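Given next, in structure tokens, is a single chain: the form predicted on its own.
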């Protein structure tokens, strides 16, 4: 009993300070250092902004941008109130018409108010995820096929290398003309501007996924391939049981790269296609040229960067969830 007590005392007496030191070091690394970096950035931004004069006045500092965040959210709230009042008035009118004429068929007109900053964020997220998922549905099977077949790799690789560096600004006019020629429905399900932006995003984020998937599949351990041959797995079973689990890290690396590319491409595409998202917001504010425009554009830049960060972290969490390699956290 005494021996156990002495040993336990020695354990706590020696280990506890080391444990506290490790926890303190982790807290400094995870919280204090990033916070210090952010404070330093805000200070540098504030000092620099005061010394930059533009045609619209001083370059906006953190305080001016924060004011515009509040103003943009206030505009969103007022727009939602107007929308609610608009539908409420229609309900009252329809109720009165029905009371006077029971055979009347009520009609509800859609609210056509201007999109708010929050609405434009939602539009951009829907557009980028639509383009990204369409690209993934094409790129991952194609990458697997290229990785499994050296002949197909030799045939497709030059095409990938030629189109990989093409700017979205070059794709957009072609996409716009093709969509205008083929999408001629009198009652379109989605706007042409949405399709233009989405397809441009798809074309620009295909290539990282194709390349990384093909490299991951081609680099599978030969022992795993031999096991599949010994078991005589059918082609689809081989892909399901051997190829996909072994190449998941590289596939997700390509998906993370593609999602980052997609988000960057989207902003430029929305500016030119006039899809009502964050890109259009930035362009409209630039064209507006009011005294608040620079602060609003800077607010949009911060939102774009923060959303890009969240998208990357979300893809990393998804990779950890489905991958056997739980240590891949960079």
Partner chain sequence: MYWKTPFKKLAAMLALAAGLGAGMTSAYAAELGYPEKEELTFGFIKLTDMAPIAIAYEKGFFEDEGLYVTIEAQANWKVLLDGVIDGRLDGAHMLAGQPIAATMGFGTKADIITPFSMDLNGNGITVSNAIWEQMKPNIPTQADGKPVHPIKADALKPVVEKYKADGKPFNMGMVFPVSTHNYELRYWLAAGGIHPGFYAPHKGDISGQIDADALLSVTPPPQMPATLEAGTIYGYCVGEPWNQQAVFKNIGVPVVTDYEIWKDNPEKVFGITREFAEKYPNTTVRITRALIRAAMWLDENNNKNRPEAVKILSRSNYVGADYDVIANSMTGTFEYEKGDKREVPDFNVFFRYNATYPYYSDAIWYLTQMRRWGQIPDDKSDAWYKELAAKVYRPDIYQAAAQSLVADKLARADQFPDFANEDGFRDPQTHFIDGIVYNGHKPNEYIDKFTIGLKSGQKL
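The term rigid core refers to the most C-alpha atoms you can superpose between the two forms while keeping them within 1.5 Å. Positions refer to the first chain, counted from 1. What you are looking at is a predicted structure, and each value in this text was computed from that prediction instead of being measured.
One more form of this protein exists, namely the form predicted in complex with its partner chain; it is left out here, but the text below deals with it.
Interface residue remark: residue 288 is counted as part of the site for its partner chain in the predicted bound form, having a heavy atom within 4.5 Å. Taking the partner from elsewhere, residue 301 is found to have every heavy atom lying beyond 4.5 Å of its partner chain in the predicted bound form. Although the partner is absent here, residue 42 lies well away from its partner chain in the predicted bound form, with no heavy atom inside 4.5 Å. Residue 100 belongs to the set of residues with a heavy atom inside 4.5 Å of its partner chain in the predicted bound form. Against its partner chain in the predicted bound form, the set 93, 107 and 274 is in full contact: each member has a heavy atom within 4.5 Å. None of 237, 164, 82, 76 but one reaches within 4.5 angstroms of its partner chain in the predicted bound form through a heavy atom, and that residue is 82. With the partner omitted from this view, the residue of 249, 260, 141, 113 that lies near its partner chain in the predicted bound form is 113 [heavy atom within 4.5 Å]. Checking 301-309, 288-296, 42-50, 63-71 against its partner chain in the predicted bound form, the stretch whose residues place heavy atoms within 4.5 Å of it is 288-296. Heavy atoms closer than or equal to 4.5 Å to its partner chain in the predicted bound form belong, across 49-72, to the residues 55, 56, ordered by sequence position. After superposition on the rigid core, displacement of the C-alpha of residue 88 between the shown form and the other one amounts to 2 Å or more.
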